[in-house]
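Just one chain follows, in the form predicted alone, and it is written as structure tokens.
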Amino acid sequence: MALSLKKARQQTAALLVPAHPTLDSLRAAAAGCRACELWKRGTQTVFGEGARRARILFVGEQPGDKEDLAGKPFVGPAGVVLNKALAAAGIERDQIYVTNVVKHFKWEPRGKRRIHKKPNAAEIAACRPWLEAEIAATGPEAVVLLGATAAQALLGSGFRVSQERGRLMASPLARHVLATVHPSSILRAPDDDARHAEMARFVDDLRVVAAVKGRRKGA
């Protein structure tokens, strides 16, 4: 029994989640998380942030360089894109909660820069209890999955954002779930015309979820 508990502790953060979690207690507990090896390279845990009873919860992949230094999610270039898209879609920032599948910045050096490196399945699995607890604590009407990593982490490895983006789906996660691209992908578009087109499509996806009405899941 002791061996199995030790193995569970090493593989996921499940044993670190407080018995009756609130966002404050979750954030405090996650600050010392060492459930995977990413804590060794990240500056700090970057926990979610936003409305305590969020209407919409947004899930990205992981914090980036600026988020790692600031300790806050979506404060870098992708966050700027997200904020612009939220405003265009008519979603008020104080009604949402933003977080990531993985709470530490995974990176590799390239000269003096720290370059994002995609988290692997074990790292995602280790961090998933934090995300599940955030969703339970905030009780959103809708969950928006930003990018393939977030979508596949919560909807299965066979899920394809390219085929299902912008469509409301029923899910145990929340009353509504919608997958779309990560805002960082818009920044990687090859030219201004492509960026404008991708931004317009992203805003259209967010307008779908902005129109969601009704009670929160479990209310």
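Start at 1 with the first residue shown and count on from there. This one's a predicted model, so the numbers in the text were calculated from it and none came from an experiment.
Quick note: we don't show the form predicted together with uracil (URA), though the next part is all about it.
Participant: Each of 180, 198 and 205 within 4.5 Å of uracil (URA) in the model of the complex, by any heavy atom, yes or no?
Facilitator: Checking in the model of the complex: none of 180, 198 and 205 is within 4.5 Å of uracil (URA).
Participant: Would residue 48 count as touching uracil (URA) in the model of the complex under a 4.5 Å heavy atom rule?
Facilitator: Result no; residue 48 lies far from uracil (URA) in the model of the complex.
Participant: Considering only heavy atoms, tell me if residue 73 and uracil (URA) come within 4.5 Å of each other in the model of the complex.
Facilitator: Yes, residue 73 sits close enough to uracil (URA) in the model of the complex that at least one of its heavy atoms falls within 4.5 Å.
Participant: Look up in the model of the complex whether residue 78 has a non-hydrogen atom within 4.5 angstroms of uracil (URA), and give yes or no.
Facilitator: Flag for residue 78 set to yes.
Participant: Within 4.5 angstroms, counting heavy atoms, which one of the listed stretches 54 to 62, 187 to 195, 172 to 180, 35 to 43 is next to uracil (URA) in the model of the complex?
Facilitator: That would be stretch 54 to 62.
Participant: For a quick check, can you give me the residues of 97 to 130 that have a heavy atom within 4.5 Å of uracil (URA) in the model of the complex?
Facilitator: Just 100.
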